[in-house]
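Okay, so we've got the same protein chain twice, two forms, each given alone as structure tokens, structure 1 and structure 2.
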Structure 1
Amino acid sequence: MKKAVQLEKIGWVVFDLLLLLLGWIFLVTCTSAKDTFPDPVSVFSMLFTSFVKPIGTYTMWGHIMWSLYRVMVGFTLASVTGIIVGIAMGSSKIAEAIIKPIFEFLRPIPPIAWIPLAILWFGIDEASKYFIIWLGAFINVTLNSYVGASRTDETLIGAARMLGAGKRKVFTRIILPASMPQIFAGLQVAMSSCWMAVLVAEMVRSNEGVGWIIIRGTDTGNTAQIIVGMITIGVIGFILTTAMSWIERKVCSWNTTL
């Protein structure tokens, strides 16, 4: 039964892709968009060629590796800081009172709005890119960690304290495990946010990366290159979120709600 459901899902994905491809072909053959929009053959030819022929300094493999490295640095920093800040707010009334107003003020500000300050604080090298990517993930990780910790069953905490558990044991045995599903939900969203923030980060200054491919294509009016970059970002983003889902199922296998 489970295998049949999976095959059905795969079938719908294939159907959607074929529908998208047919719409694309119709667009470039039967409408005025053909004057400015590349056909699928040109785009996919450039996509496959880009893995052996450099776009700028690197082939597509090199650009993907650069972007992934930046994402992993920003994501790791955001995961560590976001989990610490979120759980602190969710498990301590004092921390919540101090941190939450600042967090709520910063939460609506998109990463792109921080570009001028990022350049001013960190210059135009890699540090400013890491900062923007970190911002793209930090909010989601913090918010989900806070919600997970704040919704921990007070009855369980009270029972643990009655049985003599100290603050450390209450945290490691009750609060942290109860927060894990919510934390992983935040990490999954944060991974997607990081990958999207790469484009913003590589707008600061770069000569490599998948985001740079799109920006360079925009500068030169090469729409095929822009779409190649978009397809690559979409595929890698899908792989990353799928990997995060797999890790979540393994780590939180005890949680039947997953």
Structure 2
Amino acid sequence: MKKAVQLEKIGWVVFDLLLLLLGWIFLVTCTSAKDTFPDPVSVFSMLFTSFVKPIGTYTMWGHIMWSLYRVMVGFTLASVTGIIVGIAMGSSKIAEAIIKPIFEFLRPIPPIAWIPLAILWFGIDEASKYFIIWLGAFINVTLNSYVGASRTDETLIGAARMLGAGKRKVFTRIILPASMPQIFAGLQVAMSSCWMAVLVAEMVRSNEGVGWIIIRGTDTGNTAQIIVGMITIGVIGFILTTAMSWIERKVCSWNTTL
């Protein structure tokens, strides 16, 4: 029974892909779209050769590694700072009163809008990219850690105090683990936001990375390169979010809602 359902699902996926491919072929052979739209053969051949034949200075692997490296630097910095600031706000009323108004003031500004200022501050090199990526993730992580920490069940805190936990133990053993699911939700969103930020940062200013691939494609009118870049971006994005939820399931296996 279950197998049949699965089989049907796969059938639909194959059917959709075939339909898409047919539509694509029709578009490039029978309409005038062929001037601005690459044909499937050139896209896929480029996709496969790009892993051995460089685009610009690097092969596709090189570009992917560049982008991933940038994301990892920004994301790691943001997780650490965001969790600290968020939990501080969530567990101390004074910290909340100090940080919240400034945070709320800066929050509505999309991270991407910081790019020009970041370039002025940090130059056009890596530092400004890290800043943008950091910012994109920081806001989400902070917000979620804050909500997680401030919504810690009072009864659990009471129970821990009754069992003899002091202030510090209540923090490390109750508030921190209790905020974990919320923090992970934040990290999940932050990861997508980082992936998006790195693309924009690379599109605006860089010589490598998957964002560069697509904007370079636009500049040279190479549509196949753009589509190849988009496919890569989609696949990597998918892998990143899947990896994040896998880690979440491992770390928060106790969580009832998972």
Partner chain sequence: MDEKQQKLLEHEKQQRAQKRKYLMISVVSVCVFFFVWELITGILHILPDYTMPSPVKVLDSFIKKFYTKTPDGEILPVHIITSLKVSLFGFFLGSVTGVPIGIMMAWHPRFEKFFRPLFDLIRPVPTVAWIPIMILWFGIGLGAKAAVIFVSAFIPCVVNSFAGIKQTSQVHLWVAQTFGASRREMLFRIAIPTALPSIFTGLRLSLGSSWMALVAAEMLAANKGLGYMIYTSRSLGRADLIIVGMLTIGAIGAILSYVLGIAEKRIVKGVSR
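What you see is a predicted model, and the numbers here were worked out from it, not measured in a lab. We call the rigid core the largest set of C-alpha positions that still match within 1.5 Å between the two forms. Just so we're on the same page, residue numbers count up from 1 along structure 1's sequence.
Structure 2, not structure 1, is the form predicted in complex with the partner chain. A displacement of 2 angstroms or greater separates the C-alpha positions of Ile25 between structure 1 and structure 2, with the rigid core held in common. Remark: with the core as the superposition reference, the CA shift of Phe15 between structure 1 and structure 2 reaches 2 Å or more. The Cα shift for Val204 between structure 1 and structure 2, taken after rigid core superposition, is 2 angstroms or larger. Aligning the rigid core leaves the CA of Val41 displaced by 2.5 Å between structure 1 and structure 2.
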